[in-house]
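We begin with a single chain expressed as structure tokens, specifically the form predicted on its own.
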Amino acid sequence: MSTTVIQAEAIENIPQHIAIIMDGNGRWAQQQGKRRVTGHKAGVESVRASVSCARKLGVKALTLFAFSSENWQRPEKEVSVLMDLFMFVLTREVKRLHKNNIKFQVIGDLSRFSSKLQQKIAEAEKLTEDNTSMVLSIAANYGGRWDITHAAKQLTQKVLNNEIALDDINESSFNAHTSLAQLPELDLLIRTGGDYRISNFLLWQAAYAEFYFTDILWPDFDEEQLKKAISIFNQRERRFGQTSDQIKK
């Protein structure tokens, strides 16, 4: 499908919230006979392309899975390089995000990061907190099970403090304590790299999201690949528990 057609459809059918599992950096580098860290650095260009394309198409929220709570198990040197890369990208890219009116935030358990990185994240969030064109969320040291457990702990504490009653806990109040609660519902979840799983990412938020899996490795995922995913999304019938006939009516 041509870019023109996709953009015309996007006026009405663009997903308001897209999340991406950015998989394949290491394999991309290995296929070229290079170190895995080279793939992570190349993946930054795909992040730029996806952010730019999503903003131009009118996406309201883009959430990227950068570092899971399980990724600490990777080789120590690779984790160290990823932390340095995160710091570098924060330093270099936040001003560009701010210039384009994009709000930046990080979701996940940040307590394990260095105080210097935590400070850098706080500064980036503060600089962009009033921006309105799109929200870019980076999931770092994040896991869907952690998100759900964290929300449960917050609600439990409120019950113990007599701030709310047990009967006040429902799907709506629980959702309000999860990450991304202030954003539109997740519409489209994309995974690159050829695997068909969501790897503990946005378990609560993905309940009614459309899934799109591609064999394309993340450093090769460009604007056209994102538009292709959106094109496929536009062909889906989203029923939310209803029948096709009900949706058509």
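Because the structure is a prediction, the values reported are computed rather than measured. Throughout, we count residues from 1 along the sequence that is shown.
The form predicted together with a small molecule exists for this protein as well; it is not shown, and the discussion that follows is about that form.
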Quick check for you: of 61-69, 177-185, 220-228, 205-213, which stretch puts a non-hydrogen atom within 4.5 Å of the small molecule in the model of the complex?
61-69
Can you work out whether R74 and the small molecule are in contact in the model of the complex, taking contact to mean some heavy atom pair no more than 4.5 Å apart?
yes
So in the model of the complex, is the small molecule close enough to Q32 to count as touching (4.5 Å, heavy atoms)?
no
Is there a non-hydrogen atom of E78 within 4.5 angstroms of a non-hydrogen atom of the small molecule in the model of the complex?
yes
Does the small molecule get within 4.5 angstroms of any non-hydrogen atom of S199 in the model of the complex?
yes
With the small molecule left out of view, which of R48, K41, K56, R27 would have a heavy atom within 4.5 Å of it in the model of the complex?
R27
